[in-house]
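Encoded as structure tokens, the following chain is the form predicted alone, with no partner shown.
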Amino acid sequence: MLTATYAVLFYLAAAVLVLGLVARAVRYARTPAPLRVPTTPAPTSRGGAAVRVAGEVALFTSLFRSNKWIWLFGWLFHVALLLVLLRHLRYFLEPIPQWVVWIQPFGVYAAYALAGALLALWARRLLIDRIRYISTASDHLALALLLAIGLTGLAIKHFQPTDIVAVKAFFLGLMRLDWQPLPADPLLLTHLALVAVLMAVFPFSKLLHAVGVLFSPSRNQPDNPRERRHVAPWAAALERDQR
């Protein structure tokens, strides 16, 4: 019963995550951008705009220019989260690639960095008056959820180790539609339930900025209004109808 419950939970969470991300991406792509609105100084070519977006995704360049402390903790959190996620690939791949084996110890250290960065970002929302004023319940809940996932993962590692072979068999079984027993360890079950919740709420929360930044016209548009007239497709259709 326990295995079936968590199997269904992860199937539903994965479906919500994938469909939600696709729906949001389609919505962003279809949103009209009638004007050139790149934040200047900006590149004047499409290639330059792509490099700019890549810089935002990988290095948070605009945040670095605006606030070094927030950039430090924000960038540290995202890099640590990436390492933790890559470390967890060992539960989904068989055989395990050698590079996944190599990053295992770094993934453990990254879990500590992730928790520390989240605490710093949460303290910012609680202690700085102007940030606390604009923070909503969803902001605090997102930080609490991420922190709870990180802390329960560390607790499993150090205080209540689980049968990782059985855990891997469970997730491989999910992908192969061949369910395998899931260990009934309380910390593990709590950790997995929190992960499923995060998967389900991700497409509908502010965490979706991970996708939204790719569609931001202030970042992905080249600054070339003098060289090339920018006409949105719907505006071009109106012009044709008026002729």
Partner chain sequence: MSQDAFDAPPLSQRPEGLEVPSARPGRSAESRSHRAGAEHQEALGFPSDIPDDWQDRALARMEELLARNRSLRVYLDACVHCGACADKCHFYLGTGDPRNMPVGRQDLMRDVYRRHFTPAGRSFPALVRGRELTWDVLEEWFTYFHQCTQCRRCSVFCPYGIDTAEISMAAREILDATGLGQKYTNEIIGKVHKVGNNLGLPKPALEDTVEGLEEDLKDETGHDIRIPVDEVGADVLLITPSADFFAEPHVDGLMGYAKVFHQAGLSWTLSSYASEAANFAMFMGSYEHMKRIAERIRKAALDLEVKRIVVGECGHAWRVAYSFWNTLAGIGQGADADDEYARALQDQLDRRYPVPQHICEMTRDLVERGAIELDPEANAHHGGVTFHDSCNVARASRMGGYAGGQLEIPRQLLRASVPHFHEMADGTTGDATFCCGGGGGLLTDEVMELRVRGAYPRASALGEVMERQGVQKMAAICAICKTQFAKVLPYYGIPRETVISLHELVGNAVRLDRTEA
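Quick caveat, the model's predicted, so the values are computed rather than measured. Think of the rigid core as the biggest set of C-alphas that the two forms share within 1.5 Å after superposition. Numbering follows the first chain given and starts at 1.
One more form of this protein should be noted, the form predicted together with the partner chain, which is absent from this view; the next part is about it.
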Discussion item. Is it the case in the model of the complex that Arg24, Arg27 and Ala235 each bring at least one heavy atom within 4.5 Å of the partner chain?
Written reply: yes
Item to complete: Could you tell me which stretch in 85 to 93, 124 to 132, 160 to 168, 145 to 153 has residues with non-hydrogen atoms within 4.5 Å of the partner chain in the model of the complex?
Response: 124 to 132
Worksheet item: Here the chain is shown alone; which of Ala33, Val197, Ala49, Leu189 has a heavy atom within 4.5 Å of the partner chain in the model of the complex?
Response: Ala33
Item to complete: Report whether the minimum heavy atom distance between Val101 and the partner chain in the model of the complex is within 4.5 Å.
Response: no
Worksheet item: Is there a heavy atom of Phe204 no more than 4.5 Å from a heavy atom of the partner chain in the model of the complex?
Response: yes
Worksheet item: Taking heavy atoms only, is Asp185 within 4.5 angstroms of the partner chain in the model of the complex?
Response: no
Fill in: Partner proximity in the model of the complex: Val213 to the partner chain, non-hydrogen atom cutoff 4.5 Å
yes
Practice prompt. Within 4.5 Å of the partner chain in the model of the complex, which residues of 208 to 223 have a heavy atom? Give them in sequence order, or say none.
Written response: Leu208, His209, Gly212, Val213, Phe215, Ser216, Pro217, Ser218, Arg219, Asp223
Worksheet item: If we fit on the core, is the Cα of Ala237 displaced 2 Å or more between this form and the one not shown?
Response: yes
